[in-house]
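First, one chain by itself: the form predicted on its own, in structure tokens.
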Amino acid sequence: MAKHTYGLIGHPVKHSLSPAMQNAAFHALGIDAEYLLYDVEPEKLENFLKNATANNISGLNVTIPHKIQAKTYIERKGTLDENAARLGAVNTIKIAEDGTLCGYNTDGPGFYRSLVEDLGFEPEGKNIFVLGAGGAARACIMYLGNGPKRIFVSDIDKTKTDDLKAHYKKYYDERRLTVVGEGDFKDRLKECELLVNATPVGLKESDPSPIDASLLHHGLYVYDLVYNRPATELVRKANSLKLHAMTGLGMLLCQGAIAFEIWTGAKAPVAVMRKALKEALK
């Protein structure tokens, strides 16, 4: 058994490429650790986190649908870093030897870094449309903050959009964030320079695009946070219209590298991690 165990908690998790990336990083630096997948149902999340130390777990990544629930739990039982508190979701947990949990969010900075470096899109002063209002969407929107001119967000779950709106106005000018109903998609998306898919639609090969291709206009940039295949249907449709579009593989790499550094205190071997991700994706 490895000296330290790390892993990903979510439901589902079998599609994840994180083990390939993180285990390659541990191996490259000679760290005695392994990274595993933990499929945890929402009602079992708190019990899992409570017993993490007993199960030799030193750190975790958190994915759909646990990011907000994990933040709420750690708020009560551990500590949140400033970024996780502001972003309103936890995607990385460091577990001390005494069992204390500290929650972080590397999704926001990982998304921003990939958006600028990989997609070549500068969000400051732009109009942005985000599909979804869950943990990943919240992290991206809160990290962008007051930078964009306007942010439009849409989700079939009104509770999520209401919660996001209330959280956003604690930190930023609430007039910059607008909740959009499906009937207003076309008009609002026309005003935007970037579309972000932060829904799970696209995780399955059979999934359609989360938005009709007829709504994608010339000059629109598209960032799909789904990363487990070379191209989702949304990215394929955007590419067919000669738009700048990409999956979330770059965000996965960037947020994973930041998480690795939080856990180990060592500089992440990004080139090694990128190569492992690309090989795993094949």
Ligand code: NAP
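Counting begins at 1, following the sequence as shown. Predicted model, so just to flag it, every value in this text is computed and none were measured.
Keep in mind the form predicted in complex with this ligand is missing from the figure; the text below concerns it.
Taking the partner from elsewhere, V40 is found to have every heavy atom lying beyond 4.5 Å of this ligand in the predicted bound form.
Among residues of the shown chain, G88 is not one whose heavy atoms approach this ligand to within 4.5 Å in the predicted bound form.
By the criterion of a heavy atom within 4.5 Å, I156 is counted among the residues contacting this ligand in the predicted bound form. This ligand is not drawn, but in the predicted bound form it has a heavy atom within 4.5 Å of A136. Annotated contact segment (heavy atom within 4.5 Å of this ligand in the predicted bound form): 219 to 227, selected among 32 to 40, 219 to 227, 233 to 241, 48 to 56. Note on contacts: among L80, V201, V179, L189, the single residue with a heavy atom within 4.5 Å of this ligand in the predicted bound form is V201. Heavy atoms of every residue among I64, K160 and G248 are located within 4.5 Å of this ligand in the predicted bound form.
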